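Quick setup: one chain, the form predicted on its own, written in structure tokens, and binding and motion questions come after.
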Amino acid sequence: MDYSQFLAMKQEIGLLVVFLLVFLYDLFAPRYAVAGSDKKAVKGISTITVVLFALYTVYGFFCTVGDAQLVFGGMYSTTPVVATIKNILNVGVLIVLIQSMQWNASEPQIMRRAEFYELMLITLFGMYLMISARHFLLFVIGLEAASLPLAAMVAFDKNKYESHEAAVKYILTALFSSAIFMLGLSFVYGLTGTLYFDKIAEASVEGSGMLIVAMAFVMAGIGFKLSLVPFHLWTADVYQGAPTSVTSYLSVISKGATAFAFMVVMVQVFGQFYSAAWEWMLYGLIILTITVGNLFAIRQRNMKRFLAFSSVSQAGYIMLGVIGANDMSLAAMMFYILVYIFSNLAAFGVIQSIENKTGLVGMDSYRGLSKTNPRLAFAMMLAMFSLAGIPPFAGFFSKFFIFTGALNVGTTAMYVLVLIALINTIVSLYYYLLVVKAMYISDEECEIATFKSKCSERLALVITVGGIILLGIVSVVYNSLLVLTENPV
């Protein structure tokens, strides 16, 4: 074995270095006594982790320069496109780390915050492997490395019953979805004799009904991770019960990584012979996901459940980039997820800031928020406008580009699908504006008193709000992604 092949894994190695530095600092750093407890907490671990990951995020953008490499016998692939996808995830993780600093400084999280950061970095490493995998064995390793630590993160707030319940639901769903996925892979291997993506695509098994069944199982297994309808039933309960920092991570980073991996699997593995079959399956999943997500979001009064069903609907829009299966669709999906990261994390940043101060997460508690906390209300309003796709904010352009990429397919079925998605966008305007109405139009006295957010919370909101505004103005971001996608994934 040529160990120089590991040099192709620049971003994975960089992430492992960050993980080891955080781990070693946790072991040997000075500690201080926590008030009201006989235990001691690591000093400065949050700041060290954020600084290290910020430096690593900057380093990641230098990894986009270079030729495509296929190593470890074709099991692992890296290209400028793949490196850019990982960088997009890094930006989201950095924002989540900043948002979580105040929560991790609270009792009893302060004594376990290093474990939280370490688990998050491990899940990100697993997502990297999923994106770069060109063999299903490596894909499964990445999938499990990303899923299992997330169950521990969901259960991190050990003093709350809801967190335990959410963790049980998440781990059972993860195990069930992995079992379905592995069953599909066993059918694929039995029919083709290989687990390499390119060799499965080259296998001559046209007309095999069993491969269609295998494809359905694979789509179902990944659909659980993406919260596609009808595999979404765990989402709202897990999002509500998990700590808000974990919920925000689940809603954008996990979903974004899985969407990219889903596109690679569908296009590179099943695209040659069975594109017609999986496209029709995906048509149905997209329509159900967008519609059901929108209808259930209207009924929610808890902000975390509200954003859970919003994320279900957004997953349907992201899948339009998968079904387009062209360069423009890939660029549009990358841009959509980048915008979604800023928009959704801005909303979660406001929710977390209020929850940290008051413990309130109900939509009714936000009535009159503009009178007591105008800056938080403004940030939430921009987030809702962007998620709804209202111009001139970034969310409008992300939807426009992903619709355009899908329409480039040119089929009648695709025109109908985009029309249904557009109608659902109008429906989504209603429930996103419900939040804005509660904050700005309600005459009721706000339950949330005036307070000043912590420095880390304000910094995260400045970054996310800036991203929402700038990505709607600066077109060079999408143009750069479109030029980049001329290379194969």
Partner chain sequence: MLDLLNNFQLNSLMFLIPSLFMFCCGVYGFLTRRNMIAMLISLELMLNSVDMNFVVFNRFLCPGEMEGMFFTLFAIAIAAAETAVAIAIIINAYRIAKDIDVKDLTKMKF
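Residue numbers count along the first chain shown, from 1. The shown structure was predicted, so the numbers you read here are calculated from the model rather than taken from an experiment.
Keep in mind that the form predicted in complex with the partner chain is missing from the display, and what follows is about it.
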Check whether Ala347 has any heavy atom within 4.5 Å of a heavy atom of the partner chain in the predicted bound form, and answer yes or no. no
is_contact(Phe187, the partner chain) in the predicted bound form, heavy atom dist at most 4.5 Å: yes
Report yes if any heavy atom of Glu165 sits within 4.5 Å of a heavy atom of the partner chain in the predicted bound form; otherwise report no. yes
Are any of the heavy atoms in Glu144 no more than 4.5 Å from a heavy atom of the partner chain in the predicted bound form? yes
With the partner absent here, would Leu148, Ala151 and Leu172 each sit within 4.5 Å of the partner chain in the predicted bound form, counting heavy atoms only? yes
Ok, Phe270, Phe136, Tyr317, Phe397: which has a heavy atom sitting within 4.5 Å of the partner chain in the predicted bound form? Phe136
The single option of Asn87, Gln102, Gln240, Ser365 touching the partner chain in the predicted bound form, heavy atom within 4.5 Å: Gln240
Taking the partner as it appears in the predicted bound form, which of 88 to 96, 191 to 199, 334 to 342, 284 to 292 has residues with heavy atoms within 4.5 Å of the partner chain? 191 to 199
Residue by residue through 382 to 406, which ones have a non-hydrogen atom no more than 4.5 angstroms from the partner chain in the predicted bound form? none
